[in-house]
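Next up is one chain by itself, shown in structure tokens, the form predicted alone.
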């Protein structure tokens, strides 16, 4: 017996999804750049042919996604959406220890990629200036060093991914009781010496912190 081939049923887009897409298409067609101010809700609802309530839903979604920036008493402005979005950050939701551990592993993986690419591209390590000599401040110093390197890379998405995961961990107090067994100067000096194996070993040490 021949098998009946079933075509997947396509889900109809919800109203707020349709309106969100219409708004994004409007921003593109009007070539509204970052920080450009949007028309009033009344004007925009007329232009797009949607109700004010549907428009507000679409605007709210795009604000959460970083496409728009709403300022009380000033209006709504075009913003630069991040290439990576962590839903729990958008919703300020606290995460369980297992999820935080996974995000920490991703942050170290991203940090290693940034460090290795920076070595290959001969990124200037001298841009980094230590903020503090306190050993208890390792994580903020490490983050500052990684961001100093990644800001010079050709691909800005590495910086965005690193910042998303790192700030998620900070917001959930992940580093509060986790002391690093190394110092930031060890990383900086190893990078200056282009000691790839030493850097990988240092990053592996960080990855084993529980």
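Positions refer to the first chain, counted from 1. If you're wondering where the values come from, they're calculated on a predicted model, not measured in any experiment.
If you look for the form predicted in complex with the DNA, you will not find it shown, but the lines that follow are about it.
Student: Would all three of 49, 54 and 73 be in contact with the DNA in the predicted complex, where contact means some heavy atom lies within 4.5 Å?
Tutor: Every residue of the spot touches the DNA in the predicted complex.
Student: Hey, of 65-73, 156-164, 139-147, 176-184, which bit sits against the DNA in the predicted complex at 4.5 Å between non-hydrogen atoms?
Tutor: Partner-contacting stretch among the options: 65-73.
Student: Is there a non-hydrogen atom of residue 171 within 4.5 angstroms of a non-hydrogen atom of the DNA in the predicted complex?
Tutor: Although the DNA is absent here, residue 171 would stay clear of it in the predicted complex, with no heavy atoms inside 4.5 Å.
Student: Does the DNA get within 4.5 angstroms of any non-hydrogen atom of residue 15 in the predicted complex?
Tutor: Yes, residue 15 is a contact residue.
Student: Closest heavy atom of residue 41 to the DNA in the predicted complex, within 4.5 Å or not?
Tutor: It does: once the DNA is placed as it appears in the predicted complex, residue 41 has a heavy atom within 4.5 Å of it.
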